[in-house]
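Okay, here we've got a single chain as structure tokens, the form predicted on its own, with questions on binding and movement later.
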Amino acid sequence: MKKYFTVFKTSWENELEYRFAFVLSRFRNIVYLLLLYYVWMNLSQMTGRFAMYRAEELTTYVFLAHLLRSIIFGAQSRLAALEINDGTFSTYLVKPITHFWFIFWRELAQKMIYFISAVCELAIFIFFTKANFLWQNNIKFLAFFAVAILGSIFLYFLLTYLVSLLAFWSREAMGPRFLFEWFMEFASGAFFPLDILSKNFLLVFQFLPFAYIIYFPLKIYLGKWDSWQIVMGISMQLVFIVISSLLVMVAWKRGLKRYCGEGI
């Protein structure tokens, strides 16, 4: 465990070393936040609600989605594809570490930095805009919310790591990964609650793992689901985590047989 904490610490320092890139990434996310906030506020301005959401619930959804994006989404796992293609991946095979957990802890450091930044950004934004925010005070919902976030972190990482392993079979793995990430952001509910779509679209998304990354935890926080629905949702999260884990193990074992360490 100590070696992975060292990876976490080193990754934290490296992330803060490139300050300009860090500031640009935060600026991009702030633009997302402002855009989504004013879009949904304009849509709910006339009646005080949009679809089945009150204005304050939409505001809360947008703000918390911004917060969850920072701690769930990450970019470090995509480096696995680049390292496989350029041959530097070989160095991990002779180290006393597990590549999966090395990337996970490296990405976790990045997420923690972004999460702290997102909290500060939201505090400042709420203070100056005086936006109405729904504070959930039900311990049951908050506990389920925390469990769902942990499941989302692991599910997201497993899915993105799995896509990165495509580099064992193709040098163009970054293209499919880009499309995958774009679709996952949309289908996860990072931009809007999925249940404002038609029932057919919502039904399709509910049988995909992406809806359990952002949309599911936020529905819990807003108190939109009862205990049975929440338990079923967490069960679906676990199912997708297990399936993704098995696929990662299969892809890893088969990928190693194809890997030849080009570029070394």
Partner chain sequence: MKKYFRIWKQLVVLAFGSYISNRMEYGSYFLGKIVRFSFFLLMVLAIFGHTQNIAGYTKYQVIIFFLTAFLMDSLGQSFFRGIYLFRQDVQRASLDYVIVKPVNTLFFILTRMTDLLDITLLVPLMALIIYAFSKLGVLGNPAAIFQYLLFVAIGFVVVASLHIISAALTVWTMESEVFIWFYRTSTFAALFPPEIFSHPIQLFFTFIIPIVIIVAVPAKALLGILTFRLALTAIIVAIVFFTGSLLLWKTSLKHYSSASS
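What you are looking at is a predicted structure, and each value in this text was computed from that prediction instead of being measured. Positions refer to the first chain, counted from 1.
The form predicted together with its partner chain is left out here; the points below concern that form.
Asker: Among 140-148, 153-161, 166-174, 115-123, which stretch has residues with heavy atoms no more than 4.5 Å from its partner chain in the predicted complex?
Answerer: Selected stretch: 166-174.
Asker: Spell out, yes or no, whether the shortest heavy atom distance between residue 179 and its partner chain in the predicted complex is within 4.5 Å.
Answerer: Heavy-atom contact with its partner chain at 4.5 Å: present for residue 179.
Asker: Could you confirm whether residue 61 comes within 4.5 Å of its partner chain in the predicted complex, counting heavy atoms only?
Answerer: Outside the cut-off, so no.
Asker: Heavy atoms within 4.5 Å of its partner chain in the predicted complex: does residue 232 have any?
Answerer: Contact with its partner chain, no.
Asker: Is residue 191 close enough to touch its partner chain in the predicted complex, meaning at least one heavy atom pair within 4.5 Å?
Answerer: Judged by the heavy-atom cut-off of 4.5 Å, residue 191 is in contact with its partner chain in the predicted complex.
Asker: With the partner absent here, would 101, 252 and 259 each sit within 4.5 Å of its partner chain in the predicted complex, counting heavy atoms only?
Answerer: No, none of the three is in contact.
Asker: Residue by residue through 190-204, tell me which have a non-hydrogen atom within 4.5 angstroms of its partner chain in the predicted complex.
Answerer: Those in contact are 191, 192, 196, 197, 201.
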